[in-house]
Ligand SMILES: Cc1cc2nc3c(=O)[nH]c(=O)nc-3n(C[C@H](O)[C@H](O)[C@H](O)COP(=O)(O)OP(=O)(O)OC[C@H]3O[C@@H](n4cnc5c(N)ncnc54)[C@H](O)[C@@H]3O)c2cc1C
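Here you get one chain, nothing else, as structure tokens; it is the form predicted alone.
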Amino acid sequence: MFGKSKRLWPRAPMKTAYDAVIIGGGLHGLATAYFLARDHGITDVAVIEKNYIGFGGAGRNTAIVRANQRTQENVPLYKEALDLWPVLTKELDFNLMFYNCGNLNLAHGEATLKAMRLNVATAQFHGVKSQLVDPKECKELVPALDISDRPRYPVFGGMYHPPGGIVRHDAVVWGLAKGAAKRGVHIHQGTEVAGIGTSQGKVVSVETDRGKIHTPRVLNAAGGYAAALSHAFLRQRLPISVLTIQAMVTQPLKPLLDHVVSSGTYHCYGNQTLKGEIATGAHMDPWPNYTTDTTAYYIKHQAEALTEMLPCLKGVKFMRHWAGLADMTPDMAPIMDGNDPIEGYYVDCGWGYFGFKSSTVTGKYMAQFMAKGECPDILKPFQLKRFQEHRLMGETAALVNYSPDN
């Protein structure tokens, strides 16, 4: 007979009042709850999740982390996030399976190489290891890579980012939930938020299907559903489109891919998991929707793109295929804001497909924002008012498809 397994966090009773309520039991919500308790002594916190923690984007990504973004506003945030993974592994006493195997972004033309030079310069300015490599060096990093003129888009070189790598996303969910609950945070799964109450321009309550919660602070960290909730409950419109993003894994293989490899031209990336699978993903579906349906077109695209770059994968079978929701802003940068126009209401959304990479450090600074009521300097470039002031981020330029067809 097997004994009862010990829960990582206890079931907590629903209280009628909390010092803070977080909508969304994903990585950003759990990280904010953890840092509210750890850094600011705010332990009377409720995390409200309609399904189960990690149900959304947290459990539907391919677990890649990096800090080689393009803009000076983004790089410091992602650098600090990379530095946090080993710290949290020890602090949470939970193996997050962080493996900084390095990221190799391929260039298939001179225009892409020029864009990469800007990325590398920005990274190096902020103390992040990043360098340009030629095709031969790309081949040395990934021996299975085809650098001949056979592929439709031959390899011209690449950008190598040694500190990047992969982290086990489920482990991060469980570790943060365990750490937050240990400090007194209540995690309520299977609980739906039905409204946010305000009075005289301030947050005063949250309505749930289990009753009303009185609270002066609410964080909307509901991922793909954040914009819809903000509009439905507070009539606040956010410039966010919700798009489906798909991913899949192959059958397990012997070790052949030591680094994360990606190509903006092919709209494809891949890394080999601890089980030997090649986890791969691409760009988002080009039309807004709330479906997590997968498509045959995507399977065809991934098979063609992967075998162009890594011809040894021809004949390998895809085993699982899934989809998630990406909440994308016009400039591909997130919205992190609060107290405007409603005091006590905070948002952390619009991450697109970058949310996993910075989840822990974002939670750290959103917790500071909620505790002190003042936006930390590192988050100020990401405030909502940038759209009204026409100060859009330049991150999109790093993701343009520079193929000859464009």
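Each residue number is its position in the shown sequence, starting from 1. Quick caveat: nothing in here was measured; it's all calculated off a predicted structure.
The same protein also has a form predicted in complex with the ligand, omitted here; what follows describes it.
Residue-level contacts in the model of the complex: of Ala222, Ala177, Met309, Ala333, one residue has a heavy atom within 4.5 Å of the ligand, and it is Ala222. Think of it this way: in the model of the complex, the ligand has a heavy atom of just one of Leu229, Leu88, Val242, Val120 within 4.5 Å, and the residue is Leu229. Taking the partner from the other structure, the ligand in the model of the complex has a heavy atom within 4.5 Å of a heavy atom of Gly56. None of the heavy atoms of Gly338 is located within 4.5 Å of the ligand in the model of the complex.
The ligand in the model of the complex is not approached by Thr43, whose heavy atoms all lie more than 4.5 angstroms from it. Residue contact check for Lys357: one or more of its heavy atoms lie within 4.5 Å of the ligand in the model of the complex. By the 4.5 Å heavy atom rule, the three marked residues Leu27, Asn51 and Arg60 all count as contacting the ligand in the model of the complex. In plain terms, the part of the chain that comes close to the ligand in the model of the complex, with a heavy atom within 4.5 Å, is 344-352 out of 344-352, 361-369, 33-41, 374-382.
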